[in-house]
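Single chain ahead, written as structure tokens, the form predicted alone.
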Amino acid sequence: MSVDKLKDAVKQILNEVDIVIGYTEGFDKVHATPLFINTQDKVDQLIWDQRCVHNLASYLPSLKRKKVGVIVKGCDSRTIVQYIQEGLINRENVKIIGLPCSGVISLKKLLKAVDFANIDDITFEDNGNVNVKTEKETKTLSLMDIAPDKCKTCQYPTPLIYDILIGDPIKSDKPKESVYEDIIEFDKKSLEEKLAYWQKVFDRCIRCYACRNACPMCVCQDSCIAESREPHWISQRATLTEKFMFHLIHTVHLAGRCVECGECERACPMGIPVNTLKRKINLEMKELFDYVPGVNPDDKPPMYTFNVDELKIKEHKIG
């Protein structure tokens, strides 16, 4: 897809909105960064390639009172669908430019693949190869080898909702069974093994809240239970018990809402697989309520409704 087509689309809607959110070059060759466009001269700063990892839809609730254009990948579009379901944005105020996506890079995997050498340049080929020039050598890598795990099981490479689609739609070639394959395998472990795993993992947590801050569905950060003193559920002590408490609350608050964009895991400086917990809950939602977050704007999230009798849940009678 030519980036010129994207620029033309942004120019087309710029007169209809207050701002358009896209991507531009970051502080070095491997980083992209969000770009806020409110004048025609900024359009030329736009880029679109496998470095464009951020979920730009995250900005929409804070700009609810403005007319906003936003560029989204398939996984990002699920966030917009979820926002519509929860009434967090006004659909008529949002112009969505959709970009079919064949995968993005994971900076953590990329740096590991080049043995953490300084990267001078990076280019992307249409065949899925990534050429990385470091201070020592030039290496050719496969995009799927350095892509985040979400790309390897992605079911929605083409945005589910858009006003303008740039490029040809891409149909997923990933089997649906692969999405939660790792979760199902992990569930085969004993309770003791699971506990030992998460104790080891969460012991690395530094309570920086990067996972929460990056999450597009954590829309109540100003009154987050992790920092609230009224009520005071969690202390600021960095004990394993407090870390567990925070992560489990974060996970439960996303029940039936997590769109699996992976931003929480990407933002974590300690390499904690925090998205695994959310995906486990999503698997339960799928099995119990036949519900997948962020797919159909007309759906109601299961936790937003109440039925006296759930079809797949047997109530326990007391007494």
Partner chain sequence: MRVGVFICHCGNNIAGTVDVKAVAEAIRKIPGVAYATTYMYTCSEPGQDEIKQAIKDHNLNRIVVAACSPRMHELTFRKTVEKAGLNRYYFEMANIREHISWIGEDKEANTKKAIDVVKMAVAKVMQDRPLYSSSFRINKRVLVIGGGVAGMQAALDCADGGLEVVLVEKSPSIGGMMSRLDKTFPTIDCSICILGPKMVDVAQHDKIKLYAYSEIDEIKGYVGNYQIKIRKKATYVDWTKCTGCGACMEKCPSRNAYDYFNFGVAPTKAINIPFPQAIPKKAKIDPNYCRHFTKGKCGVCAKICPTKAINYEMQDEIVTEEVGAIIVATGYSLLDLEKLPEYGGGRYPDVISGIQYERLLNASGPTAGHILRPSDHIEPKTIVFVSCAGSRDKSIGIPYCSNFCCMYIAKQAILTKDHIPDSQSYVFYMDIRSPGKGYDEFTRRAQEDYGVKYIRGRVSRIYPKGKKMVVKGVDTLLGSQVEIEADLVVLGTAVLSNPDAAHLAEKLHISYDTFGFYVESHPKLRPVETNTSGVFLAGACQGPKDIPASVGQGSAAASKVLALFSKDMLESDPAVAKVDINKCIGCLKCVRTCPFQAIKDKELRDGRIVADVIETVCAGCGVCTSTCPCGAIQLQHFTDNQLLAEVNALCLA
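Numbering follows the first chain given and starts at 1. The structure displayed is predicted, hence computed values, not measured ones. We call the rigid core whatever largest set of C-alpha positions still superposes within 1.5 Å between the two forms.
Beyond what is shown, the protein has a form predicted together with its partner chain; the following relates to that form.
With the partner left out here, its partner chain still marks one of 228-236, 121-129, 149-157, 94-102 in the model of the complex; by a 4.5 Å heavy atom cut-off that stretch is 228-236.
No residue of the trio 2, 48 and 172 has any heavy atom within 4.5 Å of its partner chain in the model of the complex.
Residue contact check for residue 220: one or more of its heavy atoms lie within 4.5 Å of its partner chain in the model of the complex. For the chain shown alone, residue 86 is a contact residue for its partner chain in the model of the complex, at least one non-hydrogen atom being within 4.5 angstroms. For residue 307, a C-alpha deviation of 2 angstroms or more is recorded between this form and the one not shown after rigid-core alignment.
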